[in-house]
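A single chain comes next, written as structure tokens; it is the form predicted alone.
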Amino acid sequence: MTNPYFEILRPGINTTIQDSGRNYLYHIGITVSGAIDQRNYKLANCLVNNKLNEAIIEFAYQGPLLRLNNGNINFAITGDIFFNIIKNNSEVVEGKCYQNYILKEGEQIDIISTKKSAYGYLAISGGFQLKETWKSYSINTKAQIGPNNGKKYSVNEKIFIKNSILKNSKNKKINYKNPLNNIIRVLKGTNFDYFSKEAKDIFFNQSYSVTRMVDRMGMRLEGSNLENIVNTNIKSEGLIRGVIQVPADGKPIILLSDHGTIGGYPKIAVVISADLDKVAQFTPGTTIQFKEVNLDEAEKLFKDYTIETDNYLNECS
């Protein structure tokens, strides 16, 4: 008998498979990738009793319309998402994020849109049937690596599900609170002193807005130009998620999950680990402000972030 599977009736804008990422491949130009919001990724898996690193569906802005065939499943959606469950009798039930549901054969999940965020996650109890690439199921569309030939999903394609386990599928719910501010805490970058005193004052005291030039690779910002007093290009150096590069036009770029592994733009700062999930969820037009912290503060903030994440995970256990 064929395993349960989703038939894609509408693919959405950027529907891919993601997990915790692909490590130890920078030396051949392959970045980590993985879920762009790691906390929401883990919470989705927790709500359906999966291992926290199980592969799930990530979508952006408008999500997919999926019809379930050949079985029943236990699923959950995390993020700030507007979605419906379409029953076999055509009844439409408005779904709520951060709780699990049973979906029956023939029923549909219509992930209509995100609300005040960019990304959301759909987890299925037991996970999906996928082919692993370099010990990860993450799709990197820039490099065309991962399931579905490294491409985002299209209409009429199928996503097969492992034998979904419905035994002991109790109701779960998390009272999740989205971050309340748009202040992004950063450490000084390796090329911080390439920039004039005025540029540094602008960076930390003026606001920037997220442009429409944003994807899983990076986020371009609009605001006052940052003057480089040394050189607008450097020898290419290694990059990490959260680095803020400044090209010759003086407009900052925040690198995200599918960033290149090396680059030649000077780096004014790097977003601390505790704020990476929040940054990734910003939508075009969002106004943000940068705040400098030192390494000790960044480590404490990451510890706080980890404790908060663990508290949410314990809530759904």
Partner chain sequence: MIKNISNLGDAAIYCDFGSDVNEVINSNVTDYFNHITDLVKQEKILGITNLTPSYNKLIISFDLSVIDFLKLKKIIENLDIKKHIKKNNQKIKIPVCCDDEYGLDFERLSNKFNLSKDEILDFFFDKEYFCYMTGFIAGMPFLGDLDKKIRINRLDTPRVKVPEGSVGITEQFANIYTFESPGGWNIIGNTPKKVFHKLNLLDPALIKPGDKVIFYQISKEEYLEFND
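Residue numbers count along the first chain shown, from 1. All values derive from a computational prediction rather than experimental measurement.
Unshown form predicted in complex with the partner chain; subsequent notes refer to it.
You can rule out all but one of 46-54, 283-291, 269-277, 246-254: in the predicted complex, only 269-277 has residues with a heavy atom within 4.5 Å of the partner chain. Remark: F82 does not count among the residues lining the partner chain in the predicted complex, judged by a heavy atom distance of 4.5 Å or less. Contact check for D201: every heavy atom lies farther than 4.5 Å from the partner chain in the predicted complex. In the predicted complex, the partner chain sits within 4.5 Å of a heavy atom of K142. Proximity of N88 to the partner chain in the predicted complex: non-hydrogen atoms within 4.5 Å are absent; the residue sits far from the partner. With the partner omitted from this view, the residue of N72, S224, Q129, T190 that lies near the partner chain in the predicted complex is T190 [heavy atom within 4.5 Å]. Proximity to the partner chain in the predicted complex, defined as a heavy atom within 4.5 Å, singles out one entry of N149, N156, Q206, N171, which is N149.
Contacts of stretch 109-134 with the partner chain in the predicted complex, defined by any heavy atom lying within 4.5 Å, are made by T133, W134, listed in sequence order.
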